[in-house]
Structure formats: C-alpha cells, structure tokens
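Given as structure tokens, the chain that follows is alone and in the form predicted alone.
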C-alpha cells in the first residue's frame, strides 16, 4: 500500500509540474531560410503560433509566404533553420509532422469524374483510415463543410466555393492539430468568404492551430488573433494589429467634429507642433497627432478652453490595411 501511495503521489507531482510549465507553441519557425540561387525567398523568419490560435500571414506576391508554408508542410526543405510542428522537426521528423498537419494549397488538383464522397474517401484511405474510423471521419468532415448534401455530385459540377470547402475537407480528413491554409478565400463570393471565415474560427475554437495567408486583409483582420507581415522574405512585424500599430506607427489619427468656425479651428491646429496633416471636410477635421492618450486629452481640453464648439473628438482606428501599407515598402525581388 505504501508503494502504491508513493506512485500516486509521484504521478500527482508530475501532473502538477506539467500544469505549471509554460504552454509550448504548436508552430515554431526557427530562423528559417530558403534561397533559390541569389533570391532569398525566405530570409531568417522566426515566429510562434499557439494552440487554438489563428495566425494571419500577409505580404505582397513574391514575399515568401507560400515558400515558408510549403516548408512547414514538408513539401520543401529549408536552406538553413528549422520549423517545428507540435515539437517535431520538418527536417528530422517529416512523417510525424504530416500526421499532425493539413495543408490547403492556393491551387489544388481535382479528379473531375469522381464525386465528393469518393474524393474525400480516397484521401482518408491515403492517411490510413480504415473501417468505422474512416466512415466517422467522412461523416464529420462532410457535415462540417456542409458537403453532405452534395456527396454524390461530381467535382466538375461544383462551384468555386464548394471546391474550396472540398479542399478544406481534404486537409482535415485525418483530424490534424494544425491547418495551413494558403489563400483559401481567393475567388470566393462574399457569402462564401463569410462562411469560410466562420468555419476557420470554429476550427480554432475547437483547438486547431491555423496559419492562413490571404490578400483580403479585411477577412484576416476579422478572424485572426495575430498577424505576421512579410516582405522580400523578411518578417517585418508580428503581433495583433494594435500591437503592430503601437510599435510601428507613432502618430494617432484624430477626427473632430466642430459645430462652427471650422476654419479658425484648423488654423489654430496648424500652429501647434504636435499636429500634422490637417484635412477639413465640412464640419469634420481630421489630423495626425503625436502623443499618447494623456496628450490627446490635454489637446481636447485646450480646444474647449479656447471656446471651440467641439461636438465629437476621437481616434480613428487604423485597419489592418493601414498597418500593412505603413509597414511594407512595396518592393519585390
């Protein structure tokens, strides 16, 4: 009895220690490089993505997004550095990585004469699913992607949106912990994009870790927890939109609505050293202000003491598009 008690006590201590350990990243890019001759397609990329997180990967064409995603999916080998999925290296343990990862490329081949069920069943078998396990996987994926009503429909008859759902289903048929989605919303109509975004968020809420690239920045801003901005193979910024804005943009955009004497207010602002880029549009005055929240409060107080009729005063929130345009330089390689 004493020995059994000690074993239970040891197991309890191990569980306690595990619970106190910091959470490990599910995706871990470690100084990743990929060169093609003199072209540095990926140049010293490092970032982490945690469990249940949607990470947006954005950059212009040729920035290195697809190359680094292909390396993560074990479809290419880095020149230097490494990438880990669930702690397994894409270089040393590619088979273990593939079992834990689903990849949805920006373009995927289909077999026009097979139907949706046959297509997904083929990939379920390729991943080694058998019997009841395969049937449950097919039922779950077709239900989640809402393809169950189109199970017998040939792929050649599917719309672009339904084909994207089919590719998403293919990537998740083996229940991976990580999904890599390269431009999943490309060419979709507004309704299909909204539904895809909802599915991605639901997958993340269920514990999937998702790395997604897109040129539709408004979509990423609405579904991503954090983003990474890449250009010419280099990672320029990582974090939430607010964090990147604080780190990269020192000026706040202020919007004030003035009830009267708008020109006088604009002239008063022009004479200040902490105000730039004044634009007047009817009763609205927009300008760039240097300073934190306390400085903005002081500015508003001074405007009121100057007896200007201020009806509205506040910061105009920058979008992901604004941040992207500020951080990137618009150069290609």
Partner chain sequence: MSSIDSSSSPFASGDPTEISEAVIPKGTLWQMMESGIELGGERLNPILVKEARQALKSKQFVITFTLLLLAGWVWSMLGVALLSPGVYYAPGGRFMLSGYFIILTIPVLVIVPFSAFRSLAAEREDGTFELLSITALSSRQIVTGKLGSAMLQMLVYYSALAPCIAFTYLLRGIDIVTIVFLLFWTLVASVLLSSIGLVVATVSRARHWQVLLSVLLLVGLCFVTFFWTLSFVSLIVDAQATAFDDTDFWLAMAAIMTFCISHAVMFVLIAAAQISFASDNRSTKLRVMLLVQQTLWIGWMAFFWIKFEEEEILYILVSVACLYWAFAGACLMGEAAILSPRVKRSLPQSFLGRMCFTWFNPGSGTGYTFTVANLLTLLLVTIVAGLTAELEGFAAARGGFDWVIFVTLAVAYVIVYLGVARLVTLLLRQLGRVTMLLTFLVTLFLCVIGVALPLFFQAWLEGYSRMSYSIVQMSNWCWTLEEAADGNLLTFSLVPIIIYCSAVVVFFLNLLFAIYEVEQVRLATPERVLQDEREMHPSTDEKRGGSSPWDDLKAT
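Just so you know, these numbers come straight off a predicted model, no measurement behind them. Numbering follows the first chain given and starts at 1.
Beyond the structure shown, there is the form predicted together with the partner chain, which is absent from this document and is the topic of what follows.
When you look in the predicted bound form, the only residue of 81, 161, 87, 239 with a non-hydrogen atom within 4.5 Å of the partner chain is 87.
Of the listed positions (137, 185, 258, 203), a single one reaches within 4.5 angstroms of the partner chain by any non-hydrogen atom in the predicted bound form, namely 137. Contact annotation for residue 33: none of its heavy atoms lies within 4.5 Å of the partner chain in the predicted bound form. The shortest heavy atom separation between residue 253 and the partner chain in the predicted bound form exceeds 4.5 Å. Within this chain, residue 51 is remote from the site of the partner chain in the predicted bound form, having no heavy atom within 4.5 Å. The closest heavy atom approach of residue 100 to the partner chain in the predicted bound form falls within 4.5 Å. Residue heavy atoms within 4.5 Å of the partner chain in the predicted bound form occur in exactly one stretch of 194-202, 110-118, 143-151, 210-218, and that stretch is 110-118. In the predicted bound form, the partner chain lies within 4.5 angstroms of at least one heavy atom of each of the following residues of 79-96: 86, 87, 88, 91, 92, 93, 94, 95, 96, in sequence order.
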